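Only one chain is given next, in structure tokens, and it is the form predicted alone.
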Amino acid sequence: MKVSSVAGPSSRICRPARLALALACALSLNLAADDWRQWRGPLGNGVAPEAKLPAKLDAQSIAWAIDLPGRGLSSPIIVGERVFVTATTGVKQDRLHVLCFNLGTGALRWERQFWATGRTMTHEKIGGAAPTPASDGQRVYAFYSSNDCLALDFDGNLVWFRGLGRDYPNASNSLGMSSSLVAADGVVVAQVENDSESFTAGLDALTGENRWKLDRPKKANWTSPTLLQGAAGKPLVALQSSKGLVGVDLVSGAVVWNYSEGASTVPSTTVSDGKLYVPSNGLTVLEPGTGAAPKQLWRSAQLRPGTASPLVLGSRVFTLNDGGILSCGDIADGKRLWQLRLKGPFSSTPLAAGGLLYCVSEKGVVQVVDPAKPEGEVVSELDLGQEILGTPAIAGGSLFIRSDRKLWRIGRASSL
């Protein structure tokens, strides 16, 4: 197995020849229409409207299950026939892994390993591979609690490596970092927010160098950036913190608007139909416009989320608290319509496909909820028997779930 490693300040950024890199970027890859390239999927909202997942789950629903080398809270991401997963190993969690599997068979295509250059100590529930990687369809970008960020091509060749912990030595917190990446329009957004040297950076997708860097509130923050469209279709990224939410121009890093009424530092904002569902003072729904602050549409204390982020499906919004109470609200006014107790506790965010909700508890129980029932109803369960803290992914008519030790594909088996 080929292993790539990075050690020492001199190798902080790897720059292959520009011509070779441009040629590699120009080569097209057959990308599936249902790629899942980031945490919570293509739109960052956890919804796969065209996916057809099984409603009834049992042991026969498992297409394949493969062993993983070490710890990981990050979600799998899927690009074409490739499934990417990150993990960390070692007593100090200082060995960083990126693994690529075949979607159809689960066979390992390649694995790359790197040494962490930043702080690796975390709370036992977070671990080193907490942030979910991202892809723009040209490369895969991985990020770790050690604030190491790297880019690989789809064959596993290193494009660049940034030790953000070395560049900004005070950027860490005592519990570990877990904000996931987003990547679009040639920019990779890394939210590195903590009690000391707190910032968010827009990294150049080709080189890893800063395109922009914003100072952020100095408080530990585990939320992830959210992509959305601004005025005239300009790409924006919403950054959430204890102070609230700001809309930032993805390309320039300029702040476009600001919501300053506070927000959670754990569950993240969800975008649906141009509206922002913000874990703020319960759940607050905002509508960005052309002004300096978004318009508040409604607020509900009854729909307060726990660790899991909000999910919007059709005319309903769903929040899940840590104990396992699923709440359903009307997106028109935030009125709570019903509550359903699931088998908790929960850390991962629910996903939606085919009108159903897929919720995975910390104890590894996958619960399928039909929200069309008058009070919601669990229509099937599958106990995977391992602790699962990360959010699943959806692609290829299947649900992809990982624990520290395994990666499962649940659903339609491919002919490949």
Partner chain sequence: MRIPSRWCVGVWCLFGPVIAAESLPPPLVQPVGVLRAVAAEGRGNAAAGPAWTQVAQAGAPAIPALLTAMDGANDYALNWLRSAIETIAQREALALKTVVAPVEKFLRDARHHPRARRLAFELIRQADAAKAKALLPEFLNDPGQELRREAVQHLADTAAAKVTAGDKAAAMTDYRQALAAAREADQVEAIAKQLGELGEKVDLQKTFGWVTRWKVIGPFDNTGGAGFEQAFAPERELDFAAEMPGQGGPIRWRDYESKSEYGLVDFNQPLTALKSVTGYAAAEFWSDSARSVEVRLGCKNGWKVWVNGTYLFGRDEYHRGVEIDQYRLTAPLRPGKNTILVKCLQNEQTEDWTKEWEFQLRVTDAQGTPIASSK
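Positions refer to the first chain, counted from 1. Being a predicted model, the structure only gives us computed values, none of them experimental.
Quick note: we don't show the form predicted together with the partner chain, though the next part is all about it.
Requested in this report: With the partner chain left out of view, choose which of W212, W257, F161, F154 has a non-hydrogen atom within 4.5 angstroms of it in the predicted complex.
Outcome: Exactly one listed residue reaches within 4.5 Å, namely F161.
Report task. Report the residue, out of F346, F114, F84, Y141, that has at least one non-hydrogen atom within 4.5 angstroms of the partner chain in the predicted complex. Result -> That would be F114.
**Report entry** Triple contact flag S241, S264 and R336 to the partner chain in the predicted complex, non-hydrogen atom at 4.5 angstroms
**Finding:** Not a single listed residue reaches the partner chain in the predicted complex, so no.
Report task. Have a look at 273-281, 188-196, 316-324, 73-81 and name the one stretch with heavy atoms inside 4.5 Å of the partner chain in the predicted complex. Result -> Looking at the partner contacts, the answer comes out as 188-196.
Query - in the predicted complex, K218 touching the partner chain (heavy atom, 4.5 Å) - result: K218: contacts the partner chain in the predicted complex.
Query raised in the report: Are any of the heavy atoms in W110 no more than 4.5 Å from a heavy atom of the partner chain in the predicted complex?
Result: Looking in the predicted complex, residue contacts with the partner chain include W110, since a heavy atom lies within 4.5 Å.
Report task. Give a yes/no on whether R95 approaches the partner chain to within 4.5 Å in the predicted complex, heavy atoms considered. Result -> Yes, R95 sits close enough to the partner chain in the predicted complex that at least one of its heavy atoms falls within 4.5 Å.
Query raised in the report: Is there any non-hydrogen atom of P169 lying within 4.5 Å of the partner chain in the predicted complex?
Result: Yes.
Report task. Would you give me the residues of 174-195 that have any heavy atom within 4.5 Å of the partner chain in the predicted complex, in order from first to last? Result -> S174, L175, D195, in sequence order.
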